[in-house]
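This document opens with one chain alone, in structure tokens, the form predicted alone.
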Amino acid sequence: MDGAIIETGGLVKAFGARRAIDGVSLEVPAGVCFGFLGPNGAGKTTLIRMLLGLARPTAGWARVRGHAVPDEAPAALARVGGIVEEARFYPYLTGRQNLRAQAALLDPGAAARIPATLDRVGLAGRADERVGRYSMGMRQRLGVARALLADPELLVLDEPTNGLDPAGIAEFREMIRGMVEQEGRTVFLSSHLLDEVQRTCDHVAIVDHGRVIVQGSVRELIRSGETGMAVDADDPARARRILAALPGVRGVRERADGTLLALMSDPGREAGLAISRALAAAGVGLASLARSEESLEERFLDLTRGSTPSGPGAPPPPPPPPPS
């Protein structure tokens, strides 16, 4: 479908005085992988439950596939697959039998899609084992397979890489990209794994304390951050002082990997030469020097630094009406 496949306006979910979701307005384009990114406890699962009609909002509105939820949930969710929190199954049945039980509740063609779906998630060789013997990662894969049985336009996944090892996460990433690029599906996934969201998603919304701080394409979000020269030196403390004194450097940031980022508006060839000469003159060894931009993780930390939790107080202003 064209346009936005998920829209929300001023969405609020309150539990007593605490707002788990506090005025969230989202627009998720069709045909992309959209990451709903935030730390544990930020409200990601609560929002997904509202999108899937499992919880009623305290205020605001939501539309999925052009239909209001929860009021028009059957139409909204007709071609939506989802996993909320941990996927659960009958442990005494095999993976294939669990899918057959689900297929019986769906359209007549669902059962015929089981073999291809098992192959899609990498479980074809383990489908006839009891689910009680599956690892958590295998159950997550089976959960995705179950969500795919309805041939969904939209797949909603809550922390889908939980329980997967690094190789499994990489395979999962390829699977999601294939669903978007080759099959034309929209995938909406929540996660706290910033690096994986950057690798997997086209668009992202960053949420903290129930509020969306920023949303847009991953590429644009990273480009809106700081640029500079990444410096890997043998004496970071001295290198930092030298870099801070150079013309054009407006600050120096230590990165998670121990390298330094010299913030500058024009981190080109001349800037690189000036940095390498200054460090060499001071006797500081230089292992590598390259133009760099902030990662999604660094942008996330910038944007959430100083964010304050929502709490009791006056109700939020009325949200705009849902689109007609």
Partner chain sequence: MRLDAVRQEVVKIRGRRAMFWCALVIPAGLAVTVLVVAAILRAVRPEDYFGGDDLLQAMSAGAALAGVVMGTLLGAQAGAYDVQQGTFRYLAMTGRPRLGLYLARVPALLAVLLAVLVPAVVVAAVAGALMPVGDSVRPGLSDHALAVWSPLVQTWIYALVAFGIGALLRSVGVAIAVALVASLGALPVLSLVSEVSETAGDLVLPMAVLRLVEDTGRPLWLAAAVAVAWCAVFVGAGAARTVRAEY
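Given the structure is predicted, the values throughout are model-derived calculations rather than measurements. Numbering follows the first chain given and starts at 1.
What comes next is about the form predicted in complex with the partner chain, which is not displayed.
Here is the short version: of Gly184, Pro166, Pro74, Gly125, the single residue with a heavy atom within 4.5 Å of the partner chain in the predicted complex is Pro74.
Residue in contact with the partner chain in the predicted complex (any heavy atom within 4.5 Å), chosen from Arg253, Arg199, Arg100, Arg241: Arg100. Contact annotation: the partner chain lies within 4.5 Å of heavy atoms from the stretch 86-94 in the predicted complex, the single such stretch among 86-94, 116-124, 168-176, 201-209.
Taking non-hydrogen atoms only, Gly60 never approaches the partner chain to within 4.5 angstroms in the predicted complex. Under a 4.5 angstroms non-hydrogen atom cutoff, the partner chain in the predicted complex lacks Arg141 among its neighbouring residues. Looking at Arg65, you'd find every heavy atom of it more than 4.5 angstroms from the partner chain in the predicted complex. Though the partner is left out of this view, Ala237 does not reach within 4.5 Å of the partner chain in the predicted complex, counting heavy atoms only. In the predicted complex, the partner chain lies within 4.5 angstroms of at least one heavy atom of each of the following residues of 40-65: Arg49, Leu52, Gly53, Leu54, Ala55, Arg56, in sequence order.
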